[in-house]
Structures are given as structure tokens and as C-alpha cells.
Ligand code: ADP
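Heads up, the chain below is alone and in the form predicted alone; it's given as C-alpha cells.
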């Protein structure tokens, strides 16, 4: 005769009430409803995710003792959490979660359960441990600099001891093209290379959402949940795209809780720090702050040079140092843009059967860099200003300190700052390798002359009209 879940739970309550206050019993245990007892797994329904979380945090040990007394040490406890209470037309929406202290469900031989894989929700295949990682993304190919040193060090620590360090979760944030995906996948690849039995999974938040929608459509939410509860290292890219998706946030909240409480590693990326994320529930945001948040910044000049050198080395190509320096100075937006320019330069050289030189680099930037102002923009400014002041173009880049040339040079720097997106370092580079402080001084000098010299102010207005005829 199979035990009745109501009887088992009633006996558990008799044990529990002897170990807690009457008020706690009424508050936290009276609302629980036993649902079923199957294969030595007792399923109890709790009224909300808050209930589940509170029980796991404060009473999981007591629940474990009560279940052990009634069903034995091999018994397990499972929660059925009411996510949506429903209405007259819709049934309540629930998800089932094992207790965080019971470990993952196992077969008798110790292997994971046969679970449907949400990466192929239309099939009934067993779980397949594909990590969806790009093998090209490794720590060796991730160039370290001041812009990313903290994030890289934290990632390396997590890769060495996933789920053990205080960096759980690890949140890596930064703008587009700064290497977030590269870094978190490098962590995953490092773990897979060192610890074969760890289940590592990389997934974008957008794909996670689409999987969940498919699961809801096909009545397979439990398959979806169980799949993610098997993961040892979960890497979620672009977590900000969960914004406004309430049901997806709900399911992710439960998955996050279970994985974290079970000592599994969670790694996320975002385009901004947790405090600036909009449209996410506060309880999720608070959990994102439990571990470490590390940012990736725009790469400095030295890092950009190292990235280009690494790329060229990997492709077995040797190019002059002045070309590398030119590219590093000219493309200072992000790593993705820089790598795209390098790839295009290599392609141009191959297709035209030319050696890579400074002239080819200039042509490449002119043709492909659209969202920043390339050398052609500063070239035009220098040409227009030199013609206006009737001086030789090369004098703008020379060391001469003649007054009329200094004024023309400062004016050209001023317009380069106003009309291009080049950094101060990049502008200085294009004027004979001067440093950023020289550019700052030039801009200030021009502004001062505009305020004090009517004739010079008129010259600036005329130059503006000439420059506006050209789209930078």
C-alpha cells in the first residue's frame, strides 16, 4: 500500500510543531498543501515564490529532518510554487522546484534524469550537454589592459573555482563591442577544459526568453525548468533584455535561486550596472548584487595596439609599426570596430595583392569606418585650414613655432575636436604626434581668440561655412 501524501505531511507537521513556535507553524506551514507522493518524492504546494524562498532559507533543515523520519534518507522534497493564481478562465500557473539542499534529481545509477532539452523543444531527446560556447573565445585571446583588468582577474578566479568564490554571481557590464561575450565565454571554456564533469551552458537572455515562450506554448514548462536546474555554470548574456518580461523573470528568479543555493556558478553580462537596469524586478536586481560586478571600459591606446598585434600574429601577418599605430589612434570606439578594421585591411591587401602600408590603411578606414570620423575628416580640415591661411599643409604637422603657423595649427585642432569623434590623443597624433595636452591648449587658445579678436572670430565663421559643405 502506497503512503498517502496527506498522511505523510500530517506526520511531518506533528514533528515540525514540536520544534517551532505556534505562530511560525500557522504562518509558514499551515498554508502548505501536500500534492502528491511519487517515487519517494513528496510534492508540497506553497502559495508564492516568497514562501518558497523563506522556507528554503529558514526551515529547509527542519523539513529535511521531518521527511527523513517519515520516508527515509533517500526521500526528496519538491515544491510546487504558485506563480500566477489564475482566474475564472485560467488555471493557476505553477512550477515545481526541488529543495535547494536535496541536490539535483538522480537516477539510481547516479546519472542525471532523462530530460527534454529546451534547445530543441520540438523533440523528446534526452538532455544533451552542449555548452554553446565559441572555442575561439579564450583567456589567451582576450587582451588584458587597464580597461578590463578587474573583470579578467575575476573571471579567471571564477574559472579556477566555479561556485566557490564570493564572485557568485559574476556580473560583467560595459558598452557594445568591449569584449563582454568574449570574457564570459572564456570563463566557460576554461572550466570545460579543466573540469570535465561540469555542465557549462552559455545562452543569451533573448534565446532564454524564446525557449520559455516555446515551453509555455507546448505545456513543457517543467521540462524547461528541470533542464536549467541541471546546470553547474550558467552564463546568461545581455541580461538587460529580460526587461519587462514578467513571466520570464519569474522563472529565471527561481532558477537563479536554486542554482545559487546549490553552489552552482552564475555569470551574466549587461550593458550597464545592476543599479541602472530598468524593467527588472527589485528582487532580481538585489540578487545580481550578491556577488561581484565588474565593468569593461573603452580600450586605451596601448591595449588597442596589443589587440592589433595579437590579431596580426594569429593570422601570420607582419605589418609596419606605423600602420599599427595609425589604426590604434584612428579607431578608438570599441574592440569590435577595431577588429573589423584589421580584418578589412587584411582582406584589401589580399584582394589587391598589395603590401600593407600606411596608404592602404588610410583607404581602408575611408571605405569602411562609418560611425566615426576617420583620417579623411582630419585630412579635409587640415587642407581647408592650410588653404585659408595660405600655408603649406605639412607645416601643420611640423615642429615650427612661427606665429601664423601655430594659429593655423591650433585652428585645425579646434575644428578636429568640434567636427570629429577622434580622441584628443588621436587628434594630436595626426598633427605630428603631439600629445593630448597640446590639443587641449589649442582648443582653449582658439576659444580665447574668438572672444577677444573680432577679425579672428570672423575667420572662424568663414571656415565653418567651408567645412559644413563637407559631411564628416
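In this text, all values refer to a predicted model and were calculated from it rather than measured experimentally. Numbering follows the first chain given and starts at 1.
One more form of this protein should be noted, the form predicted in complex with ligand ADP, which is absent from this view; the next part is about it.
*Asks:* Which is the contacting stretch out of 274 to 282, 247 to 255, 306 to 314, 354 to 362, given heavy atoms within 4.5 Å of ligand ADP in the predicted bound form?
*Replies:* Selected range: 306 to 314.
*Asks:* Would residue 222 count as a contact of ligand ADP in the predicted bound form, using a 4.5 angstroms cut-off between non-hydrogen atoms?
*Replies:* No, no contact at 4.5 Å.
*Asks:* With the cut-off set at 4.5 Å between non-hydrogen atoms, does residue 148 touch ligand ADP in the predicted bound form?
*Replies:* Because a heavy atom of residue 148 falls inside 4.5 Å of ligand ADP in the predicted bound form, the answer is yes.
*Asks:* Residue-level question: is residue 80 within 4.5 Å of ligand ADP in the predicted bound form, judged on heavy atoms?
*Replies:* Residue 80: no contact with ligand ADP in the predicted bound form.
*Asks:* At 4.5 Å between heavy atoms, is residue 204 in contact with ligand ADP in the predicted bound form?
*Replies:* Residue 204: no, not in contact with ligand ADP in the predicted bound form.
*Asks:* Which one of 377, 179, 155, 291 is close to ligand ADP in the predicted bound form, taking close to mean a heavy atom within 4.5 Å?
*Replies:* Going through each option in turn, the one that passes is 179.
*Asks:* Here the chain is shown alone; which of 335, 328, 186, 266 has a heavy atom within 4.5 Å of ligand ADP in the predicted bound form?
*Replies:* By the 4.5 Å criterion, the partner-contacting residue is 335.
*Asks:* For 130 to 157: residues with a non-hydrogen atom within 4.5 angstroms of ligand ADP in the predicted bound form?
*Replies:* 137, 141, 142, 143, 148, in sequence order.
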